[in-house]
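Coming up is one lone chain in structure tokens, specifically the form predicted on its own.
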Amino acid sequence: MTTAPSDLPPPLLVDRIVGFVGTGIMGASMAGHLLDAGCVLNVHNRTRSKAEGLVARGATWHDSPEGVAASSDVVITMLGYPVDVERVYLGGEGGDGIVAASRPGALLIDMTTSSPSLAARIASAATAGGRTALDAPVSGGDVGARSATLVVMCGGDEAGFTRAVPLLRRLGRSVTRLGAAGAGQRCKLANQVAVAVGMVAWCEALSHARAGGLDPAAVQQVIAGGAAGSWALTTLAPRALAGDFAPGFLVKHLVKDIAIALETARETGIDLPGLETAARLYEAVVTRGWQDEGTQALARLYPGW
């Protein structure tokens, strides 16, 4: 394991011509931090309007991910689903993919939560073409993206990781290499197991308090400071209690992450009954049409929310 010190200032940037593909809820803030750091930024997003704020600040718009890759020394992606990652990196829908389109020697960093096996395939393709690819998914949601306090979990070549650290430290407070290609994704899936099961925990805890005649907001403040405390209980439970189900992280993306985690668990021969319970509950959230709300929408399945 290799960790970039978080108690020191970020190292000086060497790679300053950076491409960013995927400027949604989290990506726009992340790309903005790179502009603040003095990077020359090339951007693309499936919906152009979500990149206009960055363009107004000096980023250069490109009509395709390949255009971004051809103009950048480092390309960072923050996409939705593994199928998007595969298409953007390896080609499809008329594009050759950024592995082929990128400059020789380019560093490619995928920060999407995706499949470990896909990350390994991308890294292999990149190496064969004289590029380097890292998988570097993150935890921290919209708040972490805005405040540049994300936790970044990396897999891939150690030299590539060392090269990436100055950029990644502009985005996160913790940057750690866990091992070879795919290791970052495996760590993120472990994170998502804890997140999904933990979401069930606080929803049921506060519902139990409400049913017993207590003020759930008061209970949340009390138990968040004790052994039951968690980031979700501190950050997302108050949103739900206030009736705020706007997304910091979309339900449909957590459902995707849960499915990947269950698939990889089956591949390694383990059962995760807690995660299976969370999967059923989040599928019920989707069935009710709340897939584009924040993950705190899980609370709406319980009485009184």
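The first residue of the sequence shown is number 1, and the count goes up from there. Source: prediction; values computed, not measured.
We do not show the form predicted together with another copy of the chain, though everything after this point is about it.
*Asks:* Would you mind picking out the stretch of 70-78, 105-113, 185-193, 85-93 that comes within 4.5 angstroms of another copy of the chain in the predicted complex, counting non-hydrogen atoms?
*Replies:* So the stretch in question is 185-193.
*Asks:* Thinking of 212, 227 and 271 as one candidate spot, does another copy of the chain come within 4.5 Å of a heavy atom in every one of them in the predicted complex?
*Replies:* Per the other structure, all of 212, 227 and 271 touch another copy of the chain.
*Asks:* Report whether the minimum heavy atom distance between residue 159 and another copy of the chain in the predicted complex is within 4.5 Å.
*Replies:* Contact with another copy of the chain, no.
*Asks:* Just checking whether residue 37 would be counted as a contact of another copy of the chain in the predicted complex - the rule being heavy atoms within 4.5 angstroms.
*Replies:* Taking the distances in the predicted complex, the answer for residue 37 is no, it never comes within 4.5 Å of another copy of the chain.
*Asks:* Though only this chain appears here, would residue 127 touch another copy of the chain in the predicted complex if you measure heavy atom gaps against 4.5 Å?
*Replies:* Heavy-atom contact with another copy of the chain at 4.5 Å: absent for residue 127.
*Asks:* Closest heavy atom of residue 281 to another copy of the chain in the predicted complex, within 4.5 Å or not?
*Replies:* The answer is yes: residue 281 has a heavy atom within 4.5 Å of another copy of the chain.
*Asks:* With another copy of the chain left out of view, choose which of 134, 98, 153, 171 has a non-hydrogen atom within 4.5 angstroms of it in the predicted complex.
*Replies:* Selected residue: 153.
*Asks:* Considering 143, 200, 120, 165, which brings a non-hydrogen atom within 4.5 Å of another copy of the chain in the predicted complex?
*Replies:* Here the answer is residue option 200.
*Asks:* Can you tell me which bits of 240-268 touch another copy of the chain in the predicted complex, meaning any heavy atom within 4.5 Å?
*Replies:* The stretch touches the partner through 261, 264, 265, 268.
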